[in-house]
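Single chain ahead, by itself, as structure tokens, in the form predicted alone.
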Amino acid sequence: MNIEPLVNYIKQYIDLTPDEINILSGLVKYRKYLKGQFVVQQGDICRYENFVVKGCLKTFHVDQEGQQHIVMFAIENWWAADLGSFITQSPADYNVQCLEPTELIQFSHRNLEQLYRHVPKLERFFRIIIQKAYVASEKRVIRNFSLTAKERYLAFREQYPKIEQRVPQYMVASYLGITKEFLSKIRAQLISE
């Protein structure tokens, strides 16, 4: 199992000794998923926190009318899970689905707790990345309230330039909270400017 991408990512925040890397390696799981496979399904308990080694995933909620609401995409060196479900071990509010063949390094709830005991600085690492995710989520809420659809699209393109080429336009529209037709109009308007 190659956990080098994860170790390199972690080393951006904390240093790990070779012994700590061995402990980490023994407490994670490497798994491959096919395009279309679910990592988490709404209503199930999210069993893993997932680090994306390769691939692209979407996190979304399906409402009572069957409408998908995409809240996040995840690509290489990002994380994907229903974090609320993972932390509380209660039913998930979100689905996490692979948009491409995907490879993940997975942390089970139990093994993550063991990692915190054996490598305490990993608790600091996870606190940092969860704080970053929380701040990003708050900023997204503010953007959704205060920016026009065109401004949200421009912000999405600027913030996530690698994602737009990897996901269908209707998914970008769902993420932005607009219809795919309206997104097409915005894109056409930007081209003509």
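Small disclaimer: the values here were computed from a predicted structure and weren't measured. Residue indices: 1-based, along the sequence shown.
Not pictured, yet referred to below: the form predicted together with the DNA.
- With a 4.5 Å cutoff on heavy atoms, L190 does not count as touching the DNA in the predicted bound form; it lies far away.
- The shortest heavy atom separation between D15 and the DNA in the predicted bound form exceeds 4.5 Å.
- Taking non-hydrogen atoms only, G43 never approaches the DNA to within 4.5 angstroms in the predicted bound form.
- Shown alone here, I128 lies farther than 4.5 Å from the DNA in the predicted bound form, counting heavy atoms only.
- Taken together, the three residues Y33, G36 and K54 all stay farther than 4.5 Å from the DNA in the predicted bound form, as judged by their closest heavy atom.
- Contact annotation: the DNA lies within 4.5 Å of heavy atoms from the stretch 161 to 169 in the predicted bound form, the single such stretch among 128 to 136, 161 to 169, 44 to 52, 24 to 32.
- Contact residues in stretch 134 to 149 (any heavy atom within 4.5 Å of the DNA, taken in the predicted bound form) are T148, A149.
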